[in-house]
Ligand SMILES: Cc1cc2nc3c(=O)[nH]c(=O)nc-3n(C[C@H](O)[C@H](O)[C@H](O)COP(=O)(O)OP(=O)(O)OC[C@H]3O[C@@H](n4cnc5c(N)ncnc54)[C@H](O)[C@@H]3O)c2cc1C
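What follows is one chain in structure tokens, specifically the form predicted alone.
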């Protein structure tokens, strides 16, 4: 089977849906657009975004685009490309109003204007929110808007195994329909990669089980460089034990972080911001408190601190944080109206991703990337909360428009690379999972998670990362010995687990190799053996290019157009 479309959107989260809507609008519903997703469209991880979407909505009260840009650049520890940040802060308010016009139920002030709450690292209340289910409502609004367009085809529960490129030009995607077992080519003129993050190589994470970095890993192996992958954000408040996200909005609404001595310990680490300091600072503070014995003993070594909301009162918790209350009751068996919530840092977000320019274009002709899968260098070494959903909307729109205009300018599709498809099918169903059976894929994934949790988390050092790199490469070899007994092509979750593990291992190798080379502490990359930021030697982006032996690292400069780096204090 072969499917033919003009614009392909790989991924159905916020960035993917926004790109699809924009492509349909730009082409006046005349382009043939396809959304390909490994899940049902409304089950993308974007529905888990809770706290808010950052934008300057009330300049008359003192906020400004310049202030949002400064907060973002300072929050990035001066690794963000400043022209990219400028574009972002200018475009994000337009997206808030666009969603408003499409019907999203933004939380409102008493006078009816759009409400906003404080978020970490922002010097103004600019996190636009819909209760504490912001991503859920944004996804619903985009999905509903999608229904207006007849030109969009959806491939749900289709797992794409490779991106086909010939002579630097996009050719198509190879997809495995999990429901039917069919393996087929999807041809197109243009592609937007919007497949999200990959934090499932860590054991304690806020991310859905499907966040295995498939798009990033495929792009990497297809020749697109990955940028700044050593910078992995740890969210300060993952619920102990399951790791479910407790939104930063809980602290933005006035929640306290408390150690086992009853102290609001953030006063020692960020006295001017307290609990609403940037995430890298709060995560390091919590980890320090736990390591120095001021945490609470948790299950399976998951020691924690308390997030205390009790003083906010039942009315405010029920109005502003209803999902957080529901999650705490259902998964931790506590009611935050009456008891503090046990939390600790959890792997949450990739600042790095597929290397793109300011328009989301990759080095491959006809391919763009948007959202967490992409790295346009907006977040640098540390992302501010509420900037990610805004980024998905802004670059979803930009890449959707760029891909549509490119496709409209192409007279014909590239030739069908049938030989490449046949080779991919043989590889997937003839080689992967056809080892001697001496290894188990789930044991390998567990070892990977333990290694990354222990050796490449909030605090890092050279020997730990060297040990991690050795282990990751060992796992890379061992996965070839996994044997999958199930030979069915329909919902073969065992083969799927092997594919996911291969992707996670490849990305983990890039994270650790990049972190080992970067001999400084900057943002989320905090080394015990190199504790200072080094702008002279490391004020640059890491580019990792695929080779069979492991990533080859190159570097490109940071684009500084407004502010020179200064000491970062809060």
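Residue numbers count along the first chain shown, from 1. Source: prediction; values computed, not measured.
What comes next is about the form predicted in complex with the ligand, which does not appear here.
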Counting only non-hydrogen atoms, choose the one of 195-203, 250-258, 467-475, 72-80 that falls within 4.5 Å of the ligand in the predicted bound form. 195-203
With the cut-off set at 4.5 Å between non-hydrogen atoms, does residue 31 touch the ligand in the predicted bound form? no
Heavy atom of residue 377 within 4.5 Å of the ligand in the predicted bound form: no
Proximity of residue 504 to the ligand in the predicted bound form, heavy atoms at 4.5 Å: no
Is the gap between residue 26 and the ligand in the predicted bound form 4.5 Å or less for some heavy atom pair? no
Answer key, the ligand contact in the predicted bound form at 4.5 Å (heavy atoms) among 283, 116, 92, 389: the residue is 389
Every residue of 353, 525 and 542 near the ligand in the predicted bound form, heavy atom within 4.5 Å: no
Taking the ligand in the predicted bound form, which residues of 45-76 have any heavy atom within 4.5 Å of it? 45, 46, 48, 49, 50, 51, 52
